[in-house]
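Form predicted on its own, single chain, as structure tokens, below.
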Amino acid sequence: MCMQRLMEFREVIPGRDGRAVEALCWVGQRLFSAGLNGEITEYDLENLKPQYVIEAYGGPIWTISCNNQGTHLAVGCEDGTVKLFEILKEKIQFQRNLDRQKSRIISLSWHPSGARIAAGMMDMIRIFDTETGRATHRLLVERGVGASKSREVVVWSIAFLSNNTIVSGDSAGKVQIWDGLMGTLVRTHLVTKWDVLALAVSQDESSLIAGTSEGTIVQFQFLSSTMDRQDRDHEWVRTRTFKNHSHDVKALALTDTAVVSGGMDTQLVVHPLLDKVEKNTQEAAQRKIAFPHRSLVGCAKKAGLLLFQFPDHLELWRLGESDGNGKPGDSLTVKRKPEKLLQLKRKGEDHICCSALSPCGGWLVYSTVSSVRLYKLQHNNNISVNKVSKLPKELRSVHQLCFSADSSKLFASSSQSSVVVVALNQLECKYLQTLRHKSDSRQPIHLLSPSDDGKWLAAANTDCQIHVYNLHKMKLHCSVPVYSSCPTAVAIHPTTNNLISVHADQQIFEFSLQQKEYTEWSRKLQKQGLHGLWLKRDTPVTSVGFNPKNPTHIILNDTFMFCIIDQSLPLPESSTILYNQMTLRSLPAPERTRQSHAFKICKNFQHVLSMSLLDDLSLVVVERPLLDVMAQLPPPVRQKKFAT
């Protein structure tokens, strides 16, 4: 899920084998999904898991939609039925079927009054009266010029407007405007030779967008053809086209200032509407949001091991070794290749939601929404794995897991924004304490960070709160002042015990745990402000680390770069070149010193999943280039280009 503002990434609800999500629907603050398994699911957004599941008994469900009043859900099923469910306080309850059709129901849209529903299917659109359940109109969809008569047209998306206009997008590449009262076609816009897969309408119904299978998005606006402002003299006019995706655009949202789109190429794109935002501002920048924003890679810094998390299994790898030293930029000869030590398949059908590897490499733990499993690892010539059979009852479903620096404790974020602390010893674990803060927030904890000396534990939740616990006294030490943007990475400095937090809007803070206030460096940074190019970055910082040889160095990374912030150097001014490392290399030593600033940024990496500094000061970077991901996707629609 992403929150509005700067599209801050917040939470992940783990999946389950055989429960693919075909459609999502918000009802106020409640989230529902439906899929081809024929089930409707409501989610527990505090504990990030399904709250209950209801069988619709209509075969696979293709679409789900809620009325504006928030009283009813409608689902479109494979058996040709539109099923209405009443939304109650704790659940939903089946109410009735609308007239059954001969074709599966692919798309649905309620009229804002809630009195009628438009349903898209094969070759036609049906309009239903929700009181009687009867179909009142049948709108036949043309197959398109030159199309085979045997080829059906799929109405992939539909929108029912307050003035009784119906807009449809279909597999013949058409966006069609219909009169919902008369059941007649008003206008056809051929926007592609392929499929129109998604539609979205602005809140004031003055603009709509259509997403296609060739990766383009087409915008239409309801404009007057004369000086008269009456609706009868307005028509839907195609105004702009933009291409932000390589593959199918399957999901669209239209906010007051931007188009948000997602699809098969795994990227979420925020495209600003330049006539709605102020130029040369943060809002005017297009943003591509790459996933994931949570850690799927664990690192045993003392043992030189990596743990990779997949939905249905974990893989444990030993890092390779290089031969000798070299100059910056050199590729070193590999003396020993990375070695896969273990593949551990998860139990049950629930996907793995979090996992962790202890710094010593001796413990491995993972959780699904229904259970936690802990293993003791022993490294001899071969690796042996022993499951810890008895876990404390407090260790059930958790959202985040991590070990203490000395591998003697396991921390697990649990329900109601609490943290369970467990002591580890040989093949057993003992419950010690549940740490709770004093605020009213029940939002899940998404970040945990223990200090190297074993005294402190920082926990951040999705209500933008950061709480610090004293592990010697097993109680809350302090809460950091709440900042409006959600933290994306936190860490405690091993020397100063200052807490570094980086937030979704790219702001950086340093908080003294001893003084319980922001440090002088942090106040100076906020007073001067961060460099504009730093703030314009699309991707959030996902980890914070420190250089044990130099306490003034803070190491950050996001998807496309890593940065060393040297607190002993001056902060960059707004007129300073931020990415100046290549420039500095070409300057003589005195000039280099004069132009140096605190932010040293390297952008030599692509789609970084993890960055860890080992105890021997080796930096381990795990990349997952987007091109490798896209190579596994079906080929995009081929377009004929000039001279090819």
Partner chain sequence: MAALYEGYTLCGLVPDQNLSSSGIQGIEEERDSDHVVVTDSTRSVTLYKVSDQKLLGSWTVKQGQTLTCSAVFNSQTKEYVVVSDNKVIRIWKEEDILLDKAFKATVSSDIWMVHCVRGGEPVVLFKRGAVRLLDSLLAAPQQPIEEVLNQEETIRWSNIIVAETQQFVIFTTEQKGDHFLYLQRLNPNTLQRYRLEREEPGVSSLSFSASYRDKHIHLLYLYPNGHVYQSVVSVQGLAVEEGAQALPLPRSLLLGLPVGDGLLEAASAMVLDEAHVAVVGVPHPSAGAGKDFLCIWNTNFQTLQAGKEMAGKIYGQLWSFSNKLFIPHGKTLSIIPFECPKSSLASALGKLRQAKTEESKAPASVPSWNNILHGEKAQPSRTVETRKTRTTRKTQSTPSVTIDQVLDLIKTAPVEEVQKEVEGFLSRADLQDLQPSVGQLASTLMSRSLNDPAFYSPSTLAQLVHTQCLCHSVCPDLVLLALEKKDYFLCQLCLQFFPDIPEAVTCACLKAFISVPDVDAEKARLEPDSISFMETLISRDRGQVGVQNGFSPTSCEEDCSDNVSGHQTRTEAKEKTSAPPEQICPVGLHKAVLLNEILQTAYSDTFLLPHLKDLSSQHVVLFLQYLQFLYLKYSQDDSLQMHGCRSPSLAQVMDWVCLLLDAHFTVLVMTPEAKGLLLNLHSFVRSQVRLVSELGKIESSLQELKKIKVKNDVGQYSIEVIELF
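These numbers were taken from a predicted model, which means no experiment stands behind them. Residue numbers count along the first chain shown, from 1.
What follows is about the form predicted in complex with its partner chain, which we do not show.
Not displayed here, its partner chain is approached by residue 602 to within 4.5 Å at the level of heavy atoms in the predicted complex. Its partner chain is not drawn, but in the predicted complex it has no heavy atom within 4.5 Å of residue 69. Its partner chain in the predicted complex is not approached by residue 315, whose heavy atoms all lie more than 4.5 angstroms from it. Interface membership of residue 87, defined by any non-hydrogen atom within 4.5 Å of its partner chain in the predicted complex, is ruled out. The stretch among 449 to 457, 326 to 334, 87 to 95, 295 to 303 whose residues place heavy atoms within 4.5 Å of its partner chain in the predicted complex is 326 to 334. When its partner chain is considered in the predicted complex, only one residue from 578, 584, 45, 54 comes within 4.5 Å through any heavy atom, namely 584.
Between its partner chain and the residues 177, 159, 319, 476, the one pair within 4.5 Å by heavy atoms in the predicted complex involves 319. Residues of 561 to 577 placing a heavy atom within 4.5 Å of its partner chain in the predicted complex, in sequence order: 562, 564.
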